[in-house]
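A lone chain, given as structure tokens: the form predicted alone.
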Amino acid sequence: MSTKEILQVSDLTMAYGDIIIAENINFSVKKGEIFVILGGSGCGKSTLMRHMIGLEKPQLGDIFLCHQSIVTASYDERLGILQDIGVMFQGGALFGSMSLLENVSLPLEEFTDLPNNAIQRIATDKLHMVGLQGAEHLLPAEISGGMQKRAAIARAMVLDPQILFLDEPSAGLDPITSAELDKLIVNLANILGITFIIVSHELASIYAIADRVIMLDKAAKTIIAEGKPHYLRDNADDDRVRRFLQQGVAGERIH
């Protein structure tokens, strides 16, 4: 694993009991990259993300986050590694009884000894960074789905992680709101140098934001393509890859 690589998945097998979801999974992600995991329903995209953030244990193989194995780490080591990542789950997973500011403040309260005024200031700054200035004291039910996704990204960013994992960030959003979220992700990657690892099947977003993708296939139970999405769309040797990536009109990159 080179110094440019911030995540490496090595010979990974994901299984539930005797049922293999995917095997022989090998790839790495470079620092500052927007890396997208794509594929059809049931191919193991979200399962792979759960393995990478330590919620699932692989049957075989290893996963290195910031040059440390999350698979063989002790409990205390794992807690330290996980503070280098932030996660936005599908739907945002905000606490409905808490304001946006309280939601974003929560990781700081849990994992730091900062005084309350510093926590409030940092959380407010992160909300402003995602375009939610003036919405700090609103509840999740009082804002749109797109704003909820932005607030969830702010919460995932609040500990200044090196890697942000986003699970289907565009799911349920209209095309205009989805495009605005894509621009936010690209801006955050460019300005802050954050590495994004994103699970998505939304082709417009994939073409707009991805530096590189891998494609999982349910039947093959492994990765069947890796590279730049536009290149794979036009040049992949595997018909399954070309068909998947040619389902819609490919947009142009926004960075």
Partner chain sequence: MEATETEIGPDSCQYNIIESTDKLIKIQLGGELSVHSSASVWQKFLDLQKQYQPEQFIIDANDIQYCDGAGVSLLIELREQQLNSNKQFSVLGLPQQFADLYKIISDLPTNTKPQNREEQISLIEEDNLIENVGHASLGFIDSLREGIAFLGEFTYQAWLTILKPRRMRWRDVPRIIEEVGPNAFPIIALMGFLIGIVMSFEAAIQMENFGATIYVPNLVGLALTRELGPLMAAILITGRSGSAFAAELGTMKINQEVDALHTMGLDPVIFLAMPRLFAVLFMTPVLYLEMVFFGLIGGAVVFHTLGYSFAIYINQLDSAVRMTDLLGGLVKCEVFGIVIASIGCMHGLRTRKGARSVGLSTTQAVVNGIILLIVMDGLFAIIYYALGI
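None of these values were measured; they are calculated from a predicted model. We call the rigid core the largest set of C-alpha positions that still match within 1.5 Å between the two forms. Residue numbers count along the first chain shown, from 1.
What comes next is about the form predicted together with the partner chain, which does not appear here.
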item	value
Three-residue site 79, 94 and 106 fully in contact with the partner chain in the predicted bound form at 4.5 Å by heavy atom	yes
Interface membership of residue 149, the partner chain in the predicted bound form, 4.5 Å heavy atom rule	no
Contact test in the predicted bound form: residue 191 vs the partner chain, heavy atoms, 4.5 Å	no
4.5 angstroms heavy atom contact with the partner chain in the predicted bound form for residue 176	no
Distance check, residue 239 to the partner chain in the predicted bound form, heavy atom within 4.5 Å	no
Region of this chain that lies against the partner chain in the predicted bound form, out of 107-115, 181-189, 129-137, 168-176 [heavy atom, 4.5 Å]	107-115
Listed residue that, although the partner chain is not shown, lies within 4.5 Å of it in the predicted bound form (heavy atoms), from 66, 224, 204, 53	53
Any residue of 122-156 that, in the predicted bound form, places a heavy atom within 4.5 Å of the partner chain	155
Rigid core superposition, residue 115 Cα moves 2 angstroms or more between this form and the one not shown	yes
Core fit, then residue 148 C-alpha moves 2 Å or more between this form and the one not shown	yes
